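Structure 1 and structure 2 below are two forms of the same protein chain, each written out on its own as structure tokens.
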Structure 1
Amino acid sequence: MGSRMVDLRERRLEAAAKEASPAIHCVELTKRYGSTLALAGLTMTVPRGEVFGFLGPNGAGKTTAVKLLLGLVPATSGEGWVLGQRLGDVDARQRIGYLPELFRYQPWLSGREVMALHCRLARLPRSVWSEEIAAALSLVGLEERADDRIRTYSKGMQQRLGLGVALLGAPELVFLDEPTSALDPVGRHQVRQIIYRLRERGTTVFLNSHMLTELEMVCDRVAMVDRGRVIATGTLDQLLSGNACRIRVSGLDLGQRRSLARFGDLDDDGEAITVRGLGPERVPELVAEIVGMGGRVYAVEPRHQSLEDRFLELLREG
């Protein structure tokens, strides 16, 4: 009786530890294909319940990283855990949803039939199929078109259907690979609304995208990747701490314009001067300096650094 109680306690402690663990945690995750280094020591942590953006230039290793995290390919070296389990663990994979960048459903099937097929593939009990399909279709807004053939769906509707498939079984973690690429503004807005609803119900969303403005709208935290390594990670407030000011000015020679570099990182396109790293309290001082040198100021435009600005800045530094 005593040993049984100890075993039960240990299992409860193990379950509690898994629940408290991050959604994703990896340390020096590396992948080689022969002599080609596809991923060079990826280290990052994704908290549960957040929308996490994963961005980088083409060839940075983003797709390879997603394949490793999903357990589709083995790592060459390093370690990783998803939902408290080692990469590739069958139990963890049953709690993950995945929308690949490129997918295609049989055009002769209806949306509801596609969902039923994936319920079978996910080995969900048949008794819950109807409820699961209805919940997923409602979340992605396709209830009224569920019985129409896929051939009649627009690109945006097919993307939403793919999202619905990824959400069958109420996964704890959802990987979305370029979910808004090739969509028009209305389609991108619809996908954003779905991501917001996922966050509200506590689902962790791993969003792999090169559309930086989209990431800036929906993400709680972002990791920037270059050449297979994370070069910056944090909340948007942490990453986008820089301020800038763009001033349209005339009447200064080249030397005078360059002297303004003492206010911050200078970018001069001939028509306007942009000074990065300049706090709002120093803008009047900058304007007074320009006027004092004989320049004429036509416009002062304070700017907050965008995610794209910060990303390009980090790539230049790298």
Structure 2
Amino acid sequence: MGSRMVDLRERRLEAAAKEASPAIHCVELTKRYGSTLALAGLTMTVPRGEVFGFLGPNGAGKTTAVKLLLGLVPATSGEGWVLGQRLGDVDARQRIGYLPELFRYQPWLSGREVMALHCRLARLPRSVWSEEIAAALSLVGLEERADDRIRTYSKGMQQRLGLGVALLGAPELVFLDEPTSALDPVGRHQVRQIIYRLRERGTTVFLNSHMLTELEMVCDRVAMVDRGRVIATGTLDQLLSGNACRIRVSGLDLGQRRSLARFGDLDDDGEAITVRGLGPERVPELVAEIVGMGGRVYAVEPRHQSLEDRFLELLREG
């Protein structure tokens, strides 16, 4: 009786430790392919429930990082944990979904058959297959084409199928490697909606992309990678420091326009004045100042430095 209680307590502690462990934690993960340094000491922590963006140009090491984290490829050095388990742990891998960057499904199978195959590979109990498949098909909007053969699918549909496959079994952590690369704007919008829904469910999403605008909209935090190294990481607000405000205004003379420089750096194109380095909390004061001088305000637009500009800036600094 006593030992049973200890056992239970230990198991509960173990479960709590698992809960508390971050979704991903790695220290100095490095991968060499011959003379190519594909990943040069990746150290990062991704808390549970985050949509984490891994951003960098082609060849930066994004796919390599994902393969190491999944345990598909051994690290040259360094160590890591996913869902509280060492890289490559089979139990953890069953709780992880993966959309590879390059994949081709058997063209002679139907979408539903591909999903059933992956239910089997994921060792999901057969009793839940049809429910899991229906949920995944609905999430990626493929219900109506589920019984058509893959060879009749467009590239975008195949990518959505891949996304559906990655979500079978409600994984706690999902790696999506360039999930929108084959998609048109509508398809990209759909993928974003799916990611929003995953976030609502509390699923951790690790999203590889070289498309900055894609990450900007969905990610809580972003790491920027270049040539195997993380060059910056943080929330978008932290990374995109430069706040600005663009005001369309008339009725001010040149001197009055210039006097606004006390709010920040001015960029005046005659029609609109852009004030850089101005926190949102000072916008009402700026507008009041303009109106007080007799100016007429037609529009006040917040400006954010784009992730793209920031990335290029960091590359230049590096």
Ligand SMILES: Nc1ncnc2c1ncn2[C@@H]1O[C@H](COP(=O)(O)OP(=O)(O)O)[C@@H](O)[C@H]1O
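By convention here, residues take numbers in order along the sequence of structure 1, the first being 1. Note that the structure is predicted; figures quoted are calculated from it, not measured. Only the largest set of C-alpha atoms that superpose within 1.5 Å between the two forms is called the rigid core.
- Note: the form predicted in complex with this ligand is the second of the two, structure 2.
- Relative to the superposed rigid core, residue 49 undergoes a CA displacement smaller than 2 Å between the two structures.
- With a cut-off of 2 Å and the rigid core superposed, residue 275 has a Cα displacement that reaches or exceeds the cut-off between the two structures.
- Once the cores line up, the CA of residue 70 ends up less than 2 angstroms apart between the two structures.
- We note a C-alpha movement of 3.8 Å at residue 35 between the two structures, with the rigid core held in register.
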